[in-house]
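To begin, one chain is listed below as structure tokens, in the form predicted on its own.
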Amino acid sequence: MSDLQSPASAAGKATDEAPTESTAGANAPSATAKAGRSFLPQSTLPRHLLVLALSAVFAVVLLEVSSPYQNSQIATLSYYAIAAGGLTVLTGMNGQISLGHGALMAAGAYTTALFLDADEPLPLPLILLASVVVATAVGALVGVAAARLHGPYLAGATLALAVGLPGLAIYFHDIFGGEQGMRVRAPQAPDAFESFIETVSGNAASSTKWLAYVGVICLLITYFFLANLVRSRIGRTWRAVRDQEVAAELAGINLGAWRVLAFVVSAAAAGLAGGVLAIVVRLAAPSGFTLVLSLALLTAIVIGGLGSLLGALLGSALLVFLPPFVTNLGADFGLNGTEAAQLAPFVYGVVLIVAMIFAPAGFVGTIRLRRMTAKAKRASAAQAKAAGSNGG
């Protein structure tokens, strides 16, 4: 048995014995899926394929009924959610705290910018794949170096990555454009896409809509891959490493190798998110990949619920849609532009504090924990009632 192979029973046992509070809600469905009624297939892959198909239909309807501005917001949501999905797997499933995902997104963004700057660019899927490969290589290097670090030490190491890596663009300014960054040539929509839009809605296929579709497609593919991964033996082993290091090591699990694998998967998602960001924003510059971006991704997964892809999506939506909503609300109440803009981060901070107080497991995790608690209480009451009737 190789280092990356581990008994699923040992991994599952370690996970069940010592679940952490912050991720118990996210792990709850794996334990209760068979107990409740569901119209979805019981097998993981068919169930996720059905969810993917339904999500794709919903996304097409949403993009077609949305305005161009809302299409641009959805495109922004897509790259935030892709990066947050990878980070929640790393932090929620494997217990590694990373403050350097903004730098990994920068690796993907600059790779996309360089490939699109060629006289005859490669097809967009190949360019995005190259962004994933480059970010994965960077993530593998960082993961190997940080495999023995935990908690604040790992956070400090990835913080150095977040601060240092974007600075390479300034040092190699002839290649990466320095402080001004690189202008990204927007990829042209294929004729098949224009025909599809005309068939579906009868509207013209704008460049904004095309980029929104690219972002949503990348988001759906990423979440489909991650959802299957966390429900597999790999995901169970990650949870075992997170919850019971000693038991996992005694079971023959190579802790360092599995931590590196989690970092690599998370870095791949960050690289794809960076590539989508580059074509949506049409700019790859150091100012776009500061520590603020990494902290924003971390707060998104904490608010949504660690270890939950749905929580990562909800947290990312909060990042994208809350600031403009609060700004417009402040303007409606008579605040000037500057005051309304300053109100947005204040409200976001309040939401974060409230979430930490009343939903310490995140929105999704807290809801799932309460459902589990209510179900356990009903089961206990039924058992007590049955015991009473038998005793009578």
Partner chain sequence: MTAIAAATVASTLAACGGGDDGGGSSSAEGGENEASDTGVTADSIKLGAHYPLTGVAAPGYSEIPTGVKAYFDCLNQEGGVYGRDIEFIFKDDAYNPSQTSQVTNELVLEEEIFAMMSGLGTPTHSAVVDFLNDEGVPDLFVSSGSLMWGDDPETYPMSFGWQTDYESEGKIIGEYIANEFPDAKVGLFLQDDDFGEDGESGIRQYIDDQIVAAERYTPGNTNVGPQIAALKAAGADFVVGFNVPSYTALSQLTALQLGYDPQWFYSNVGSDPNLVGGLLNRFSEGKVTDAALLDGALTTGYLPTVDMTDNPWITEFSRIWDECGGEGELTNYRVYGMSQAYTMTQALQAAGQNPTREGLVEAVEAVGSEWEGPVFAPFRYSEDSHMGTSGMTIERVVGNGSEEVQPVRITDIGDAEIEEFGGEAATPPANAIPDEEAYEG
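Residue numbers count along the first chain shown, from 1. The shown structure was predicted, so the numbers you read here are calculated from the model rather than taken from an experiment.
Keep in mind that the form predicted together with its partner chain is missing from the display, and what follows is about it.
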So if I measure heavy atom distances to its partner chain in the predicted bound form, which of the stretches 230 to 238, 168 to 176, 310 to 318, 190 to 198 falls within 4.5 Å? 168 to 176
Proximity of Tyr69 to its partner chain in the predicted bound form, heavy atoms at 4.5 Å: yes
Evaluate Val281 for contact with its partner chain in the predicted bound form, applying a 4.5 angstroms cut-off between non-hydrogen atoms, and reply yes or no. yes
Although the partner isn't part of this model, could you tell me whether Thr208 comes within 4.5 Å of its partner chain in the predicted bound form, counting any heavy atom of the residue? yes
Tell me, yes or no, whether Ser43 is in contact with its partner chain in the predicted bound form, where a contact means a heavy atom of each within 4.5 Å. no
